[in-house]
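This document opens with one chain alone, in structure tokens, the form predicted on its own.
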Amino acid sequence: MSTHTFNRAIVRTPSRSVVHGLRAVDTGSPQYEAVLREHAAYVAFLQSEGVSVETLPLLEDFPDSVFVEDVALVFTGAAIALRPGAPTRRGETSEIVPTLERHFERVLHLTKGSAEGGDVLTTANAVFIGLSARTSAKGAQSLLQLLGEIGHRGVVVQTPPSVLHLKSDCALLDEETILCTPRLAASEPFPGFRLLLTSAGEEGAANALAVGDQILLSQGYPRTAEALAKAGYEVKTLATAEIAKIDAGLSCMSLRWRS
């Protein structure tokens, strides 16, 4: 079964405090109603593709809690509760654990160092863990051990300097192909994979999401969208301009797995 094929997802409703979310570069605060619209369109698209989506209630105490991918990893039959690198986000993990326990037979817990799901790219043969400001070497090593316990092989790679998460710069398109920024590709982090590069100035397109037979891409990256179409992919675009103000992309708004 394809690694990128999923039929279940967990999302969380954005809280009003999302306008105060963390950001690496301040381009202004998002408008709450606009964030809600973008999030709703994202959920609607997943549902239109046959994905069963569970929406968790908002958490006003945690502005970044809409980004559920950072606090857990999910696989068929097992999940790992993570320990975010941002101290203000650590309480989000305990909030999502009861949901993980309802859906997965095994729930493991990362207790050493820090690791966020945005730094983890799952492929058929390896789970790539990017070292970054949010995922420490100790956290990555702990995660390697936990992955081994549930039958997955982890590989540690380096996230480019100044890039928030590994998946800010890459996305799995299919079992053989990864969409990647030139700056990440330069370090040759994914041996054996075909790399499709984002166009110059369109690095934000790299956080794409394969949903069924389509590639979901943020709006505003026309040259990368055209390149993907020429490579044979069916591309669907969604507005993410408001959520992007707090360093968000398409993958971080959901936890996804095949049941």
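The model shown is predicted, which means the values in this text are computed figures rather than measured ones. In this text, residue numbers run from 1 along the sequence as written.
The following text describes the form predicted in complex with ligand CIR, which does not appear among the structures shown.
- Partner contacts here mean any heavy atom within 4.5 Å of ligand CIR in the predicted bound form, and among 147-155, 122-130, 102-110, 160-168 they occur only in 160-168.
- Put simply, L255 is far from ligand CIR in the predicted bound form: not one heavy atom of it is within 4.5 Å.
- Although the partner is absent here, L22 is a contact residue: one of its heavy atoms lies within 4.5 angstroms of ligand CIR in the predicted bound form.
- Of the heavy atoms in G118, some are within 4.5 Å of ligand CIR in the predicted bound form.
- Residues from 50-84 that approach ligand CIR in the predicted bound form with a non-hydrogen atom closer than or equal to 4.5 Å are D64, F67, E69, D70, in the order they occur in the chain.
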